[in-house]
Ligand code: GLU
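Taking the form predicted on its own, here's one chain by itself in structure tokens.
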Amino acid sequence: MSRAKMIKQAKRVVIKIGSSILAKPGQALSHKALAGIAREVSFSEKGGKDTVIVSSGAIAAGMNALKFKLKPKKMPELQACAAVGQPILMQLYQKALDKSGLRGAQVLLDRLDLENEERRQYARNTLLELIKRRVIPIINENDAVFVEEIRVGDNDNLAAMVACLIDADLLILLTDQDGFYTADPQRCEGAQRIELVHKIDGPMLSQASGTLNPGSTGGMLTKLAAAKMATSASIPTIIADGQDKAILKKIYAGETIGTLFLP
């Protein structure tokens, strides 16, 4: 099946928005970036695709509000940032979605919600009901009260888990990089973008690095782990540049952008 046909046939899409798309380190969340995301989601919905968002940004918003320049290392400080930032994030999302005639819903999950059979079914039912009612689920980990034993740890893997939970047809990981490269393009001038990946193996994982953004968690390594999880469940995955204002339009048009990981 061609890339264009695979993406065209995708009905249910999970889109992960990275912190680096929403805010620069030490700065408030960008209203402009959120408005752009809302327009793209509106385009997605009007195109007949059910859209679920997994969004980072709560801790970054809380860091800015509480005047942290660097991501806190003490757990109570980190959780305080999440608690302060989560309502800020949701308020800005709803304001942006309102302009496109859309409604958002906050859904906070942890690992038990996705691994315990009964709680998993409840979470699935809630998300499918929101989708049915044309409400955009905006999902984040419940960072304000998590304990390590039930933590997912990063929103890339959370997005993959959600994609598996709701039987998504496509997972899109939006970041500040336009795909997966042969080496870190910020450190290696000759790095080349890989357009298509058939299998994620050990050597490929060794090429990936963690994040350099002090307000973010993960980096390319967690994106590859998420892609491996999703593709193992027969869900094609795309890593693409979320700073491109028309990124979803280009992806849905079948343009060869980003990196496509085949199921």
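Given the structure is predicted, the values throughout are model-derived calculations rather than measurements. The first residue of the shown sequence is 1; numbering continues from there.
There is another form of this protein, the form predicted in complex with the ligand, and it is not shown here; the text below is about that form.
Colleague: Check, residue by residue, if G179, T237 and T259 all come within 4.5 Å of the ligand in the predicted bound form, counting heavy atoms only.
Modeller: Not a single residue of the candidate spot has a heavy atom within 4.5 Å of the ligand in the predicted bound form.
Colleague: Which is the contacting stretch out of 113-121, 154-162, 126-134, 181-189, given heavy atoms within 4.5 Å of the ligand in the predicted bound form?
Modeller: Checking each option against the 4.5 Å cut-off leaves 154-162.
Colleague: Tell me, yes or no, whether D169 is in contact with the ligand in the predicted bound form, where a contact means a heavy atom of each within 4.5 Å.
Modeller: D169: no contact with the ligand in the predicted bound form.
Colleague: I'd like to check something about V41: if you look in the predicted bound form, is any of its heavy atoms closer than or equal to 4.5 Å to a heavy atom of the ligand?
Modeller: Although the ligand is absent here, V41 would stay clear of it in the predicted bound form, with no heavy atoms inside 4.5 Å.
Colleague: Please run the contact check for A60 against the ligand in the predicted bound form: heavy atoms, 4.5 angstroms, yes or no?
Modeller: Yes, A60 sits close enough to the ligand in the predicted bound form that at least one of its heavy atoms falls within 4.5 Å.
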